[in-house]
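One chain comes next, on its own, written as structure tokens: the form predicted alone.
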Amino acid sequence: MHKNDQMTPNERLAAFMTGSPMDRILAMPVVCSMSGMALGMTHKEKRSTALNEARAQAACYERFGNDLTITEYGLHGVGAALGSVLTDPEDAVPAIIKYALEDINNVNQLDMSRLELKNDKKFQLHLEATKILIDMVGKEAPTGVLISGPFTAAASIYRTENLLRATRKNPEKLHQLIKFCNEGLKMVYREFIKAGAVILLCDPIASGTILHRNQYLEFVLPYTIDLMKDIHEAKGMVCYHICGDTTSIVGDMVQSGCDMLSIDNRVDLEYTKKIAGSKVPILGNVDPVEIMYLGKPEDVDMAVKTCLQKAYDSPNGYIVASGCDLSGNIPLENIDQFMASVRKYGKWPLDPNNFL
């Protein structure tokens, strides 16, 4: 437990879920991509072994006292298992350079068995990292695993621009591809749930910045609903996040059946509170780039304060979080400040006079 806290994250989350008093409001800066920095590791070193991935997260928790540790199956995990080729940069997130599926009419040729745990070395690595991390910090803090949603999984197999074209030109085959991804994701999710992880379902290619709402309703939401049902049948808890501007679909995202809703900094927290706050807890949304990466500690302090002003009274609860994953060579002192500001302004019982 962090020296400036009076409760562990597990105790705090349990109080949050039951409406009980807490020492402070929950805080979840998404310390995923950058976590190796806490131990002086490059991104490549961090992702190279299960132990490194777990140690990096444990080091972040020890330093920051954040309320959620995070491992990752990742946004490209499905595609990589099926044959998409990724770069292997020293200090950045890998990117896809060759896609497993070149012609969507060949979707029938995709081999579901390649997504099974016994056949996927990266899956095995990240699951082992999750188990190691839970063994390290699980008595104090929950562990989440970041995994793609169905549309982003499809985009890890078939190039995004072609995927978008298929929404108009070949919707039948696109539905077949997304359904295939959904069935594969169910296998993946269930393994991490069995290990004890919270599911962080992230579907950035389904963003309102990329898709029209009617495309989201046809090609994303039905599959996400199906996925959420399977997660809950497996006794899992899921937080749903889509990057970018999701203003037009915030209400639709809640209909997915998610347990919590995370929003990007492009979406207004007050609007989200109005649309979704009476239905689910909401998370967000300090800007991960302009504030956390490029800003100074005083900018972080003001951003946390502003988020609390907008959402502290959300009916089903509010969790201070970054608007997306924190990546790049982010100043660690900005994450220190994020947590310090939450402890300052979010001390329980919440007093709006502290941040209005």
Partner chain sequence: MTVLKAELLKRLSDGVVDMEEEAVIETCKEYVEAGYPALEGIMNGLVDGMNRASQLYEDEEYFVTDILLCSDAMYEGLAVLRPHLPSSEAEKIKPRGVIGVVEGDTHDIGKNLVKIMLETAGFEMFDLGRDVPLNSFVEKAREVSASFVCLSTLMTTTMPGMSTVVELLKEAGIREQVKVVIGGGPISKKFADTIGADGYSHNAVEAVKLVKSLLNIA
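All values reported here derive from a predicted model rather than from experimental measurement. Positions refer to the first chain, counted from 1.
Omitted here: the form predicted in complex with the partner chain. The next part is about that form.
- Taking the partner from the other structure, the partner chain in the model of the complex has a heavy atom within 4.5 Å of a heavy atom of residue 212.
- The partner chain is not drawn, but in the model of the complex it has no heavy atom within 4.5 Å of residue 124.
- At a distance threshold of 4.5 angstroms between non-hydrogen atoms, residue 230 is out of contact with the partner chain in the model of the complex.
- Proximity of residue 168 to the partner chain in the model of the complex falls within the 4.5 Å heavy atom cutoff.
- Of the candidate stretches 324-332, 24-32, 305-313, 58-66, only 324-332 has residues whose heavy atoms lie within 4.5 Å of the partner chain in the model of the complex.
- The single contact residue among 90, 111, 161, 103, judged by any heavy atom lying within 4.5 Å of the partner chain in the model of the complex, is 161.
- Checked against the partner chain in the model of the complex, the residues 189, 219, 180, 99 give one hit for a heavy atom within 4.5 Å, which is 99.
- Across the proposed site, 11, 14 and 146 without exception lack any heavy atom within 4.5 Å of the partner chain in the model of the complex.
- For the partner-free chain shown, 266, 289, 290, 293, 294 of 264-303 come within 4.5 angstroms of the partner chain in the model of the complex, judged by any non-hydrogen atom.
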